[in-house]
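Encoded as structure tokens, the following chain is the form predicted on its own, with no partner shown.
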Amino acid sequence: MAKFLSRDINLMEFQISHSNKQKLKPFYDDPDSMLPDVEAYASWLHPSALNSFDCIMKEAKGKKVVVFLDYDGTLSPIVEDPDKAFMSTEMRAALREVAKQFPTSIISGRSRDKVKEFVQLNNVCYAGSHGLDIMQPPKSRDKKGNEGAFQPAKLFLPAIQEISMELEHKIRETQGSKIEDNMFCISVHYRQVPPQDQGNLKEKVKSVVENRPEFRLTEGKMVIEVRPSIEWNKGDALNYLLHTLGFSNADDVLSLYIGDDQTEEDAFKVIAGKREGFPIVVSSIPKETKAWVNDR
């Protein structure tokens, strides 16, 4: 798989994890801050998934490989305008080839329709709203090929639409703010909001949900999100997709999950718990992670 993906992501550093390896300290260099001294730099390890390709292939030998991917920051770059987070032509071609070889799913915080619009491929499965809106994988569709969707938070839709309208009214005067309706998740982007106004914006968003215990707030990269307070996350979505694809009870399955945000950690935890797969974090800055780092 790496020989396809590496065409577009070989400049990204990946932290690779596998549950049967000793946990070590990864090094991350932050391009926006001063580098540590040389000795501190050398004391950290920052293995690359691409450099560990042989290790992954050794583990995958004789197993069914299943691929899970985030979208923003993984298949596309992080950009100022979330509506312009386009995939490159090379990445789309790489993803198409990967999906020909292995069952491939994209699990994103975006709405399912939005991710599909960005990706423009029919040979992958789409899960939007952090896994709250999952298209049926091809193997599980009915005889007529109807897609259907699994939506565990469907009853929350009327309330979500109400919150979306209230948020529009609350933050419309905040310069640079942007609301993205992701169907089962409302994302308030503040990447273009002046730093001195970001705290006030967050308080406005919190005020909308503080008396709604059926909703909760989560944060990502320059985004604060309103989500239903149900026990469902990207880890649950991963398990659902494995089950629907017929791999939930298989001993010969190896899952690869590549993502860059905090919401990926739930999926990383699932893979680590199964001891069957490689969670891979896309990151160039220090962050807490459930991933275990491979030694070299």
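From a predicted model like this one, the values you see are computed outputs, not experimental measurements. Numbers for residues come from their place in the sequence shown, where the first is 1.
There is another form of this protein, the form predicted together with a small molecule, and it is not shown here; the text below is about that form.
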| query | finding |
| --- | --- |
| Interface membership of E180, the small molecule in the model of the complex, 4.5 Å heavy atom rule | yes |
| V79, heavy atom within 4.5 angstroms of the small molecule in the model of the complex | yes |
| Y71: touches the small molecule in the model of the complex, heavy atom cutoff 4.5 angstroms | yes |
| Heavy atom of A85 within 4.5 Å of the small molecule in the model of the complex | yes |
| Every residue of S108, R191 and M222 near the small molecule in the model of the complex, heavy atom within 4.5 Å | yes |
| Location of the small molecule contact in the model of the complex, chosen stretch of 94 to 102, 165 to 173, 182 to 190, 208 to 216 [non-hydrogen atom, 4.5 Å] | 182 to 190 |
